[in-house]
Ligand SMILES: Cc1cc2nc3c(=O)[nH]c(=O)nc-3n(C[C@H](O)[C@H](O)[C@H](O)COP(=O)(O)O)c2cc1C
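What follows is a single chain, given as structure tokens, in the form predicted alone.
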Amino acid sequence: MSEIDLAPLKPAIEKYISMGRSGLLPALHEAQKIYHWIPEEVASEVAKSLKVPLADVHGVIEFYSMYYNKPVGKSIIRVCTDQACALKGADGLLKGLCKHYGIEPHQTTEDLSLTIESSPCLGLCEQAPVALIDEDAQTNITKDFREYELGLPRSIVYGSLRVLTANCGEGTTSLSKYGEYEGLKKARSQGRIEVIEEIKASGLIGRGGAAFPTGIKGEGAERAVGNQKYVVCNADESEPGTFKDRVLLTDDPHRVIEGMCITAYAVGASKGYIYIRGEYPYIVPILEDALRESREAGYLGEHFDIEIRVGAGAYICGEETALFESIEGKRGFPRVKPPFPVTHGLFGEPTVINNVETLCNIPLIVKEGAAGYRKIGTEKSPGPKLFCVSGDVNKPGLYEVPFGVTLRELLKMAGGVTGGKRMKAVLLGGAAGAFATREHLDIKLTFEDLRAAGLPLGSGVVMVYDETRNMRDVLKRLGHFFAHESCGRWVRSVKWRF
């Protein structure tokens, strides 16, 4: 093997040196862009520059699936073979691409020009089947392999309500189109406690799956004592079947940023992070542009600013404390709780962490007031809800509806089951969710009604299987997903019910 030239590496990682260990993931991303993998010499240079033990650097590289410690192709095609894509022929796509280029899955061409591998969910479930490709690979494939349409398609958004998704479906919304941060301006005219009380009164419950009251979380962080307080946006949307946060970030990034700014004002935070999953690299420039616009308009910068961090392929980093570990430059192992993030979160300081959909609700609550917000939804599940509908339906996409519609009504909006077939099952909540059957069609989609039926709301996944589907294969893929992603450390109860 030829000697590795370290000259391009040093200027690429220079801006991360002052971050110390926290700069490890960004530095490794930069290194991999240069060398396409992370050779020993490169790992050693990163370790020396950031003053991180080399063994820890190797531990991080081996933990995250999108870092490579062996040579791979200059271009990489990752074909999603998870649930939604498997229903739409992903196995055939993977097999066809490998045959076309004369390699097997997870192999690299002899000239190191291309690697093809299967991948967990890529968060484009309504567009299935999909593959994540870089620019060169996309050019090659569209030229040589025309059976498949490749590229990032426009968001598909439906629903009986368009509040959170008012700006979605027509490309990215600039600040000039989004308008002033009216919710933030109103919040700043009030006291911090008043803002928190309004959010508490709204009844907003976290939309990431844990279903914790958002206002209570903010109240805890506001009361906590620390040298620095943080607001973190959890955009590590890795739950198979989930793509709502991707749509919100790509089409309406300022709504997310405004939600973070209001939260920061309410709890007294001066620093924020948006943690993007590694499979969403195309969202990063969109967010960078939106943050620049927000700084130029004076919403960010003086009192509160936001930094983007990019993951590297680890489902477990969707758990809030594992995400903190990742930002801190470590392997994404969840922490033991208590203590909880509101007192001991990122870097050991008081932290509010919410997912994208939750943060997008906050400007609406502040502008409309809790009473206005509660006009949508039900008493115990107020507000709008985003559902990610995929699988065997005629109109897969992101659906915004008020809490309280039934599963039958939602599936009717989605055009019913494809081919006029009968529904066999619906996976609700995500891979760790549960299966609904035809007997559950008239259950209302609320926290309380689903809980009473033993079904989860989770991250809003509604994945439909028609009567022809082999559920043994479905369960096998789910099992494989957890075996691959749990890293042997995330202990949780998973129940699949029929």
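Just so it is clear, the model here is predicted, and its values are computed rather than measured. Just count from 1 along the sequence shown to find any residue number.
This next part talks about the form predicted together with this ligand, which is not shown.
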Candidate stretches 110-118, 223-231, 200-208, 413-421 - the one whose heavy atoms come within 4.5 Å of this ligand in the predicted bound form: 200-208
Between 217, 309, 254, 78, only one gets a heavy atom within 4.5 angstroms of this ligand in the predicted bound form; which residue is that? 217
Of these, 346, 389, 428, 353, which has a heavy atom no more than 4.5 Å from this ligand in the predicted bound form? 353
Decide whether residue 318 counts as a contact residue for this ligand in the predicted bound form under a heavy atom distance cut-off of 4.5 Å. yes
Taking this ligand as it sits in the predicted bound form, is residue 258 near enough to touch it, meaning that at least one heavy atom pair lies within 4.5 angstroms? no
Counting only non-hydrogen atoms and a 4.5 angstroms cut-off, does residue 237 reach this ligand in the predicted bound form? yes
Residue 358 versus this ligand, in the predicted bound form: is there a non-hydrogen atom within 4.5 Å? yes
